[in-house]
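Starting off, we have a lone chain in the form predicted alone, written out as structure tokens.
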């Protein structure tokens, strides 16, 4: 007998027919003798509907009440799926976050799971029941409902798998695994059969939307095997393993991209020790996440231009913080929101020479100018003009033999 955590995303439970289909998947697992805990997202589009309702009330809707509102989406799915299983003569029950409870720490809309009470659910599983749990939410020490960020149902599933000592954690979605790039944009993208936590973490943090990056990170920390698979087909999915399963034979595993970045350049900064710290200290205090950084020193060595990237929705806040901070002397602040980040990821990059040259040459051959660069052991990212995104990922996908 195997204890399984099955997580179903919003598209998997987007209609009543799809919820019935998910119920049949769970029934099949239970009939095979497995103990099943199902984690569910809100039905596709429901969270956005709830956000729109809150915006009609106020653009500064109270964060506590915002969490109460958004958590209802997953609770609806819990009840509907439990009802569908009962209709199939399967013993099933929804357990809401406060009934378990799922204990969280941190701010509203961005909390994290710290513990889960296992007693009641384990007893229910032992009596041949299926437990249905809402993803994305928990309850604070003050008994307030909290949410753990968009896409947080993945994080819930991994936390449940860890705390309940599950044998496997399966992430059901609308694609049949992790692909070498976005198959909607590049039809020749290949499904990856096996991928390391490290590679998956890089891909998910760089824009691949199959799994939430914090969930991959948690799975990596606690060595929880993951599998991403389709709700709608019976094809094998993508297995995500620990580092010893990395395939070093291929230099690049996938190409990722994101279009939510912006480039900011501060020109004519007086060049002296501590100038970079003076720029990035107030941004850190303002909770601005800075990614790529480039510094160009003038020929007279007296001034410098500093370029960095932030998320697009942080541009105005970033500029205001810099303008209000008196320790920085500069000529002007320039920003460009029409940029995209394109990245190649692969464990084999560690031992394969020439990958950087090959990427830069490929982009040059397409007439694509690189605006910023960031590297790690298994990742190389560049900022380019947004209009060149599709051309860039097509070329890189071909150059690194991923078609």
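What you see is a predicted model, and the numbers here were worked out from it, not measured in a lab. Residue numbers count along the first chain shown, from 1.
The same protein has a further form, the form predicted together with a small molecule, not shown here; the description that follows concerns it.
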**Request:** Could you tell me which one of 101, 129, 151, 225 places a heavy atom within 4.5 Å of the small molecule in the model of the complex?
**Result:** 151
**Request:** Find the only residue in 34, 374, 336, 47 having a heavy atom within 4.5 Å of the small molecule in the model of the complex.
**Result:** 47
**Asked** Which one of these stretches, 151 to 159, 279 to 287, 106 to 114, 88 to 96, sits within 4.5 Å of the small molecule in the model of the complex when only heavy atoms are counted?
**Response** 151 to 159
**Asked** Would residue 136 count as a contact of the small molecule in the model of the complex, using a 4.5 angstroms cut-off between non-hydrogen atoms?
**Response** yes
**Item:** Residue contact check: residue 42 to the small molecule in the model of the complex, 4.5 Å heavy atom
**Value:** yes
